[in-house]
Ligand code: NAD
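For reference, the chain that follows is the form predicted alone, supplied as C-alpha cells.
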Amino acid sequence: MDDSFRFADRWGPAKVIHVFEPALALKGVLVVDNVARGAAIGGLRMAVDVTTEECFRLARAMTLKNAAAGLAHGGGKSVVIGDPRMPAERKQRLVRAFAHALRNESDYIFGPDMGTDETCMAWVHDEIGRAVGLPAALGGIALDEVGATGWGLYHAAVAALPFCDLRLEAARVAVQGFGAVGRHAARFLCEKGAVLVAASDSAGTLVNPGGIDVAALIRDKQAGRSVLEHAHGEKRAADAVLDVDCDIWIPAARPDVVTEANVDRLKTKLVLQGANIPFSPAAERSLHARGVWIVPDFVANAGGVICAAMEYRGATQAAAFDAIAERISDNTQTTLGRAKAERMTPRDAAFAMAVERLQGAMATRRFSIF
C-alpha cells in the first residue's frame, strides 16, 4: 500500500500526486486534502528539505484555515524540492514544468508560499491559468507586497489583547522570520504604537529593547541585507529570538520551530502564529498551561488566503482587506472566547470551529448519502 495512506482520515486527503521529471531533476508533490467547500487553494512551497508528510500537514492546515475563514474553498498544498535561491531561469523551468504536470488538476489553485512569489504565480498562470497572488500587471493583488497576511496578524493581535490584559501601545514584539509575513506584521503593529524589540532571519537575531526602526530594517531586508547588517541593535544567533523578553511573539518562518525541547525559553504573553504549523502540539499545551495565549496558525495567518480567494473572484484590495479584518477579528474572538469558557486550548477551540464548518459542507456532498 502507498505510504501516503498513513495520513488518511475522514477529512482527507482526497488525492496525493507525485511529480517527477528526470530531465529537469524535478521532484514535487501535490496534496489536495479536502474539497467539500470548493476547489482547494494552497501555496506552492519550494525548499530543499520539504517532504510529503510536511506537504500533507500544510494541506490539512489549509483545509482548516479556509473552513474557519468561511471561504468557498478546500485545502491543498504543493511543494517542489529545490533551493528557492537557485538561478531565476532554472527556477522558472521547474515551476512551469510542475504547473504543466498538474494542468488537469482543477481541484487545486496555486498560490505563493515560502520560496515562491508573485512572479512564480505569473509563470503558473501563463502555463495553466489557475493561480492567485498574481502581479498587479495581471490583475492580481500581490499578497507579499501589500502584506495581506501581516494585516490579518495585526487584527488577530487587536482581538487577542484583552484576553492577555495587554494594550497595543508600547507592547514589545519579537518576530521570528523577518520576511514577507513578519515584516508586514511588525509594520502594522508598530504603526499603532507597538515596539519591535527583536527580529530574526536565517543569519541571526537583532535585539534592541529600546526599539528597532521597523521602516529602516525593512529597507535593509529589501536591499538584500540580513538583520545582522542593521546599524542599531545587538547581534545574536538565529535561535536567540526564542529568549527575548516580549509581550507578543510571532513565528513567521518554517514549521516546527518551537518544540518541547525549546518551548521553555519563550518569555511572552501572546503568540500570533504567522507561519503554518510552527509549534508542536506539546509545545502549545506547555504554553497554555503557563497562561500564554496562542492564536493558532489557521486563524491568525488566514489573511493571505482570504485575500487570494477574493482576488480569484475579482475583488479589489480594499474589499479584501476589509474582509480580512472582519473575519480574523471575529474568528480570534470566537476561538479565544470558547477556549476560555470551555477551558480548552485555543487550538482545540479553533479546530472545533473549523470542523463544524467543514462538516456542514461535507454533509452536502454526494457521497454523504451513501
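Remember, predicted model here, so these are calculated numbers, not experimental data. Rigid core: the largest C-alpha set superposing within 1.5 Å between the two forms. Counting begins at 1, following the sequence as shown.
The discussion below concerns the form predicted in complex with this ligand, not included here.
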>> Each of 144, 252 and 276 having a non-hydrogen atom within 4.5 Å of this ligand in the predicted bound form: is that the case here?
In response: yes
> Any idea which of 154 to 162, 176 to 184, 208 to 216, 96 to 104 reaches within 4.5 Å of this ligand in the predicted bound form, heavy atoms considered?
Replying inline: 176 to 184
> Quick one: does residue 331 come within 4.5 Å of this ligand in the predicted bound form, counting heavy atoms only?
Replying inline: no
> Even though this ligand is not shown here, does residue 222 get within 4.5 Å of it in the predicted bound form, heavy atoms only?
Replying inline: no
> Would residue 282 count as touching this ligand in the predicted bound form under a 4.5 Å heavy atom rule?
Replying inline: no
> Is residue 238 close to this ligand in the predicted bound form, meaning a heavy atom pair under 4.5 Å apart or at it?
Replying inline: yes
> Considering this ligand in the predicted bound form, which of 201, 118, 127, 247 comes within 4.5 Å of it through any heavy atom?
Replying inline: 201
> Taking heavy atoms and a 4.5 Å limit, what residues of 46 to 75 are near this ligand in the predicted bound form?
Replying inline: 65
>> Please determine whether the C-alpha atom of residue 115 is displaced by 2 Å or more between this form and the one not shown following superposition on the rigid core.
In response: yes
